[in-house]
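Shown below, as structure tokens, is a lone chain in the form predicted on its own; questions about how it binds or moves come after it.
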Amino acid sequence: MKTPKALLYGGDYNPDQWLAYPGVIDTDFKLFEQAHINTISLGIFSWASLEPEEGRYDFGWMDAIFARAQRQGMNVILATPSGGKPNWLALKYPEVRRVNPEGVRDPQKARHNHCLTSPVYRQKVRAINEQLARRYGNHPSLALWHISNEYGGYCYCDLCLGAFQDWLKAKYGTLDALNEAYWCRFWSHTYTAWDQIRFIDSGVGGLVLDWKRFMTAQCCDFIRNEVEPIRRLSPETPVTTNLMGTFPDYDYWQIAKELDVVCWDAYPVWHSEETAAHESNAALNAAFRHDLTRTLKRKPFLLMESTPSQINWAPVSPLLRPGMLRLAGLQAMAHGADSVCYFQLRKSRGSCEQFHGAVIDHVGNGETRVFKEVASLGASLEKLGNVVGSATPSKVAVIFDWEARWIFESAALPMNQEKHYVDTVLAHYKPFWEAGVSVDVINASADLAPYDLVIAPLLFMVSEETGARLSAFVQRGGTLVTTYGIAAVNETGLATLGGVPGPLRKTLGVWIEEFDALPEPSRRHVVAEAGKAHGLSGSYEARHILEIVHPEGAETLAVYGDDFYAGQPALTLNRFGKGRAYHIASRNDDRFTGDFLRFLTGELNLPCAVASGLPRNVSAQVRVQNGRNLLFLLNFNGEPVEVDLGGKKYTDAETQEAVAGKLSLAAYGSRVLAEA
């Protein structure tokens, strides 16, 4: 299978929007060369241009673009166009349009709104994909297949309902088994026929969970339908689709299995806080999603979309400050990306993204500030080509599990207002990002063997199998950290019997009896036990969720400081086999989480990108190529900082300048250093 030898640099290109404007495409390709752009993503929303009438195809314009790309030595990422169906298809075959939860079929509008189950839509998608694969599948400029675009959303039509009922039959076999798994005797919801099962009854947690599992499975099946002619006719070219970070609709761990390469569309809103002198929040969120995307296949990913200047769909979208374009691009590479691509290369003249950022603005030349920054980064990336394929080794894993998230977010709990699943995971990722410690973001069923430390924030759903795997990890010598909410339900959403945390009770050495729910702005306090600090000092604030824990062999490291549970455990340690298992019983402030996880970083001697420490809001990440470390230093402050490199010697990967000692980084500055 083909693997690109250079970093891919470019983005979405829509030349079919400009066919009536003589000279525009010639100008674009000249500007691409000036900006060192080597890759175009083509055809993502071009179905109506490729098939203007049913069965009548027009590939002339695309042939010309492929020819131009080949002459210029550029890569083409060719999309299948299923993300935006043409009007003739939507109106002639109404079944391809989604039905909303109220049973009303959508009109033809917007995009990403097709029924995944519709046989007609699947047949039409497969037909256009076969035409594309036959025509371009072996073209020398074809680097990658881009399947559809940003899959998302659900359809509630009768076709989807029938498929869902069939999926449940295959999973459970009998209605008795399904009724038991869902605890359907509650509220007399027992099903006595398969056709009684509708889409979502929010009172049946297992049904909500299975509906989302089914829609993920349906998306995977739709992808298989999309790629069948491509894999048959273009077997040497890898397949991807653009994911969206922590997007809630589908389980990306399952979607990734259908792909050869994973990529995602990164749109952090930089400079969104008027008084902020740094970009740590946006940078943290982007870093986490980069690491999550990389870990989906445990190999380098592609940054398929980002903005070169500003977006136009947030409430407020500031321009990128000078240096931010380069910084954001290098941040993606630091966390494992082998590309930096933008939406869009030429700004659309009309419709809803006409004022979304682009490499080539409406003025149509290379004299803009944005274009010059794009060109500057392009020149830098040509000097950093040896990054391609390099590893991002990690000894720490943080669990982000879509299924656990779904059941937690849908469960009716004493605390429904302040659930914050994603934010809770981020809070336990943040101290490692701040310290320059590489992290894999894994799901609950991932292989744990590569890791010394596994963090399981809010892992609300734990099956017997998952409990056994986590326990085996600790028993072999690993360190596990769990938090409030651990193992409250099993894999069908039924409450854990015999005492929470169920399959992890012996491993954690605690029984969790109940939890207190605190409304905002109520707070309680957590205090470290004397002589057992584990990096903790003084008093910390706890909020929202505070478990009442009974040690069963575990040692108490910190206790609650107030309320009727004052003096009871808030942080415990259980030595189990050759390893250790910690449990954090309350949602604590960032200072607690940072102090504790930084202690574990030192205690376990986890590798830090810069051993001497980092200034605030400076990130450091390492990629390894042929045993040689490449250090990415990224300053998310709006002012210069100085980084102490300790005793190590480096070479600047762009200038070949020798670097050692203390290094100055400009405001929003970034450097890539090769370890000597």
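Worth saying up front: this structure is predicted, and the values here are computed from it rather than measured. A residue's number is simply how far along the shown sequence it sits, counting from 1.
Not pictured, yet referred to below: the form predicted together with a small molecule.
Requested in this report: Consider the chain as shown here, without its partner, and state which of 232, 369, 105, 111 has a heavy atom within 4.5 Å of the small molecule in the model of the complex.
Outcome: Checked against the cut-off, the match is 111.
Query - The single option of 291, 434, 226, 305 touching the small molecule in the model of the complex, heavy atom within 4.5 Å - result: Only one option qualifies, and that one is 305.
Report task. Within 4.5 Å of the small molecule in the model of the complex, counting heavy atoms only, one of 149 to 157, 315 to 323, 545 to 553, 121 to 129 shows up; tell me which. Result -> Going by heavy atoms within 4.5 Å, the stretch is 149 to 157.
Query - the small molecule contact at residue 57 in the model of the complex, heavy atom, 4.5 Å - result: Looking in the model of the complex, residue contacts with the small molecule do not include residue 57, since no heavy atom lies within 4.5 Å.
Query raised in the report: Any of the heavy atoms of residue 242 lying within 4.5 Å of the small molecule in the model of the complex?
Result: Heavy-atom contact with the small molecule at 4.5 Å: present for residue 242.
Query raised in the report: Does the small molecule come within 4.5 Å of any heavy atom of residue 191 in the model of the complex?
Result: No.
Report task. Report whether the minimum heavy atom distance between residue 343 and the small molecule in the model of the complex is within 4.5 Å. Result -> Residue 343: yes, in contact with the small molecule in the model of the complex.
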